[in-house]
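Shown below, as structure tokens, is a lone chain in the form predicted on its own; questions about how it binds or moves come after it.
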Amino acid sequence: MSTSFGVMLLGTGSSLPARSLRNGDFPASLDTSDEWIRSRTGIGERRIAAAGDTSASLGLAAARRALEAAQLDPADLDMIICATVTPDMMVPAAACLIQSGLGCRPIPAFDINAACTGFLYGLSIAAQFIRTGSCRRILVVGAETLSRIVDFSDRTTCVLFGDGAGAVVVGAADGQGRGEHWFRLYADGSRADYIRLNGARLRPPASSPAEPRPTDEFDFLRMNGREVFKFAVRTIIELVSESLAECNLSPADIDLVIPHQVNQRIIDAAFADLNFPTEKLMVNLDRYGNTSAASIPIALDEAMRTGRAAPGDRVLLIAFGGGLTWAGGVWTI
């Protein structure tokens, strides 16, 4: 007879580059300002990778902190999953570089690309391996160096994104009422043009935002902001409504919501329509911008370390991104 295991959060970690790029640091040629950016996005600054920072190195630092929080060693891991759209190289996977850096035994390690939804895709994959008993403990990382794929002469994208990594260790539940309750993953490739990065080649980081790199349609992230805004608002509303209905919960039953850190106007519009208490939202995009697959694990780690979330809390995770992709999950952490 098969055995099914619940899945619980064991530890979280994050890592951010030291360099902060504030709104006022963008050059006058970009025709923007701190007020313009804040009023449209809610972002005040973002972290930018140094020459020695990579998605794998940031992911490795976040992974070490997650293992420390979980009071585990690398030898305790059975799998590593890394969600990223900015791997150090196409081959090997960033997950393999993280595995090597940790000094793990030869456990499975692989990358996934679901854009900003990637971390929740990875978390869902990890949960399935644990539920079947194939693995006991899995490291899931979201890591990005988006400053290497944005065009610093395009104010519609370069003001939005930042670099960083977050990680969690998940494992078999201990029977104390903690674990995942609900997961849903979606994709719609017919709207692939809304968010796209055509080229595989990554350029070195800009030495200064005042010295934008040459624009190349095949090297930089492009986005249809108007359509993404409408998609994101609608998706948040649908995912929150679906999660509450499927789990037979009300907003009062949710202790914290961690949405993908995309844009304050998007988050405000969606949750105003839902009539959801704003004090239950975990938002840190004002300091870090949109870090794609890293945004939810960075916010989750901050929530755990600052006391916004604690073991036993019921947390709703919501993400959406290029693909188009979107996903939601409800966990008692």
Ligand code: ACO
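This structure is a prediction, so every number in the text was calculated from the model and none was measured. Numbers for residues come from their place in the sequence shown, where the first is 1.
The form predicted together with the named molecule exists for this protein as well; it is not shown, and the discussion that follows is about that form.
- Only one listed stretch (280 to 288, 55 to 63, 265 to 273, 301 to 309) carries heavy atoms within 4.5 Å of the named molecule in the predicted bound form, and that stretch is 265 to 273.
- Here is the short version: of R155, R191, R131, R184, the single residue with a heavy atom within 4.5 Å of the named molecule in the predicted bound form is R155.
- Put simply, of A109, A127, L160, V240 only one has a heavy atom within 4.5 Å of the named molecule in the predicted bound form, and it is L160.
- Contact check at 4.5 Å (heavy atoms) against the named molecule in the predicted bound form: none of S14, C135 and P297 pass.
- Under a 4.5 angstroms non-hydrogen atom cutoff, the named molecule in the predicted bound form lacks C104 among its neighbouring residues.
- In the predicted bound form, the named molecule stays beyond 4.5 Å of every heavy atom belonging to L197.
- Contact check for D31: a non-hydrogen atom falls within 4.5 Å of the named molecule in the predicted bound form.
- Interface residue remark: G225 is counted as part of the site for the named molecule in the predicted bound form, having a heavy atom within 4.5 Å.
- Of all the residues from 315 to 333, those having a non-hydrogen atom no more than 4.5 Å from the named molecule in the predicted bound form are F320, G321.
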